[in-house]
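Heads up, the chain shows up twice below as structure tokens, two forms, tagged structure 1 and structure 2.
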Structure 1
């Protein structure tokens, strides 16, 4: 029996149609810092979209977003602006 590919291997099969004109994720740095949401986003995102710069600023690699909404559900009010990408953009799942 052939072993199933790892989740990392399965996710690598997906493609992302990047919308250069519109970022669908924005972090309010002040609210994120004050509420601890920034560090939470770095820890909970399954796609590792969020990172923390040496100065404490939360970085966003929105091209890696799986559009699962975990960050939107967990962020403090006002700390995150998140919406689905415009039609034709975003992730294209190639497997399950």
Structure 2
């Protein structure tokens, strides 16, 4: 047994300064579906920010984002708008 709880519980132990007013991630559903980027995002994000609803829509839980940039690097052109959260917001590593 490793000392690893579920991803959600894991992230709950991290410190975040949540930006309630601004979401820094937006998926273009149509392009995401057409290019396969949607399914790719769900699988490659280490924080499991992305999910797939039964109707194929890609859901985004931006509050969990660890700001690595993997999704932005791998998404098909136009499928994802992603930028760093505003200054001072987002993940705040205590170990790093």
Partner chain sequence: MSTDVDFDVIVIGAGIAGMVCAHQLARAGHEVVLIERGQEPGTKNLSGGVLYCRVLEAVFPGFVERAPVERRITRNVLSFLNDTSHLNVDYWDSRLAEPVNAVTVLRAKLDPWMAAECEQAGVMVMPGVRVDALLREGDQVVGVRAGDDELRAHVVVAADGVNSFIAQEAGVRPKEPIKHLAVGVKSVIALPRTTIEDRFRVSGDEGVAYAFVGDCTQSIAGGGFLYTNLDSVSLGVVLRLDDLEAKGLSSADVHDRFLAHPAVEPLIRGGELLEYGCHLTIEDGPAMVAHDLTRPGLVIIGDAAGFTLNTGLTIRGMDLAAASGMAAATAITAALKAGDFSDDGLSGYRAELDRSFVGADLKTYAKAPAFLENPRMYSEYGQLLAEVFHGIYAHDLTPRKHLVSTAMAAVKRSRLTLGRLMLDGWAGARAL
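Numbering follows the first chain given and starts at 1. Just so we're on the same page, rigid core means the largest C-alpha set that superposes within 1.5 Å between forms. All values reported here derive from a predicted model rather than from experimental measurement.
**Student:** Working through the pair one at a time, identify the form predicted alone and give its number.
**Tutor:** Only structure 1 matches the form predicted alone.
**Student:** Would the C-alpha of residue 72 be classed as shifted by 2 Å or more between structure 1 and structure 2 after rigid-core alignment?
**Tutor:** Moves: no, less than 2 Å.
**Student:** Comparing between structure 1 and structure 2 on the rigid core: C-alpha of residue 22 shifted by 2 Å or more?
**Tutor:** Comparing the forms between structure 1 and structure 2, which are aligned on their rigid core, residue 22 does not shift its C-alpha by 2 Å or more.
**Student:** Core-aligned, is the CA shift for residue 10 between structure 1 and structure 2 2 angstroms or more?
**Tutor:** Yes.
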